[in-house]
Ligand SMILES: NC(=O)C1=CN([C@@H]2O[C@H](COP(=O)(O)OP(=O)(O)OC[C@H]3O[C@@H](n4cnc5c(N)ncnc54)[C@H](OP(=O)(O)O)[C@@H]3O)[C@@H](O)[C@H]2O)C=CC1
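There is one chain below, alone, in structure tokens, taken in the form predicted on its own.
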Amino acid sequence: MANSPDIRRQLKTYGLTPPAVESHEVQAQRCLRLLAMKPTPIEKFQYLTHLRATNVHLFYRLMSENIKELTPLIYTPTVGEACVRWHEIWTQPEGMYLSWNDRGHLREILDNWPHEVEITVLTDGSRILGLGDLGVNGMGIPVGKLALYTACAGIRPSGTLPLTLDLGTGNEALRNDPLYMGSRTPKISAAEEKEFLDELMTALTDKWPSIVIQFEDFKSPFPALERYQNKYCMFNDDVQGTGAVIVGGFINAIRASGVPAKDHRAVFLGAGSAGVGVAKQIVEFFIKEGVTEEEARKKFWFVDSKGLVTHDRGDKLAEHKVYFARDDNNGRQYQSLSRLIDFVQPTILMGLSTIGGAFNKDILQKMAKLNDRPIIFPLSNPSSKSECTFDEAVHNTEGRCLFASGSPFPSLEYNGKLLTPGQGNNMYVFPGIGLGAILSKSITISQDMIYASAESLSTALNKQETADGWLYPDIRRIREVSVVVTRGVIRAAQQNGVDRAVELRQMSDDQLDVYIKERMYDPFNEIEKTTYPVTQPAGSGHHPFANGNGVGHVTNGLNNAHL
């Protein structure tokens, strides 16, 4: 509908659409009206999925102008329901599926993907958000994540590959569901997964030597991260991205609290991979503030389903929990979060437990009594799993809390002042990590590059956001924020010597920002870039077919649905 009559004639589409030539503004208005007609979030998700598949530039124009409103519909929290129901709502392929039965042929299968890939997000679906093992239904996560890579950091849509590994599932209900589209077998063993991933990583980097590989929603993320992070350009967003985005907001919360870094104490509810990943990156922050690693490590008290994580509680600790396990509990075991808060008197309370409502009135009021500006971060997704809401945190801390959550919550008015919650959404950092790795042509993604994304994020607030006490920038400025994060990631790659685009080292920060912006996909100028072969003059003032219709087929490979 945006094509002129002349272009429609050349594309042989004249007469196949209504005669009006529409501007983007008119098209966007129609899309938003159609979206408003959908009564439930999952129906809105399905409409946006269809729009992305049939009119990719219009979809990303809509995203760029409505990022705050549409992100919850294409990613968390709606993507959680979409994954649970993926076998019921699936209508078209949107990525690649590689099965355990395909081993030995993975490289050959990758040749079926028609585009040159810059970045892939891959999952085995074994731990989707807080929803458990969903098998191949987990494809909603790579699809949604890569849409955000494009919307937030301008990575070209055709350069992204959503990838789901069908390695069986422990979800018996799904295996028995006639609509389930994956293998109806139990989850393979850890040794078999290692064998499969070794072949996959070799295949991906042979097919696309500069590919950035992001792991997502694996039940046990650490083995693959430790095995591959120094060999491939890869990272795990659950561990490293989550840690980085929380550190970015945490740095600003520490500044706002008025308490010196050395005097903070943190209680973490939830001792899974995400919680430990966050804490390890906060340890880096404390070390940079002049605290020793041992002192920094001792600032954390982790609580899991069995209570305080200690060396002497009688069970064998998972390997990733050992680093933060306490040995100063004098033989006492704390199974109650409330009692532990009395004992530790923390300045910081973080939740990565997926236990909705775990930070109840009693817990929040204790934090308010202990601190002038308590730091409250309920980070579990989706919102139904959040440890508390923004409203609960504000009203039970007399409006004094420094708050960030994993899921979005609305602003509210308290004592005549409009308060806006921070959202520690990974989309603040992972797009910049990916784009920084792509542009610097990194060999690996170092821990310094991950930490640089957090540090850069903490500097990305503008003056008004800082004055209003925000911990994170306005999500509507995400493209600007991604430039700052990308620059920081590139500089860290240069300092670590893992960059291959060495010509970028000579650029000033301002020059590098311009370089980054020029290479970001912009859905608004895609049509302007498009040219069509003209075999006959259009004939000014005449009907489009006045000069005959003997125009050859367009051979520039563009899909008319994208125009």
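No experiment lies behind these values; they were computed from the predicted model shown. Counting begins at 1, following the sequence as shown.
Quick note: we don't show the form predicted together with this ligand, though the next part is all about it.
Taking the partner from the other structure, this ligand in the predicted bound form has no heavy atom within 4.5 Å of any heavy atom of S189. None of the heavy atoms of L165 is located within 4.5 Å of this ligand in the predicted bound form. In the predicted bound form, no heavy atom of R326 sits within 4.5 Å of this ligand. Taking non-hydrogen atoms only, K207 never approaches this ligand to within 4.5 angstroms in the predicted bound form. This chain appears without its partner; in the predicted bound form, the one residue of L106, A224, I355, V483 with a heavy atom within 4.5 Å of this ligand is I355. For the options S411, S305, N176, T91, the residue carrying a heavy atom within 4.5 angstroms of this ligand in the predicted bound form is S305.
Across the options 447-455, 271-279, 179-187, 364-372, residues that bring heavy atoms within 4.5 Å of this ligand in the predicted bound form belong to 271-279. Scanning 219-234 for heavy atoms within 4.5 Å of this ligand in the predicted bound form gives just one residue, K219.
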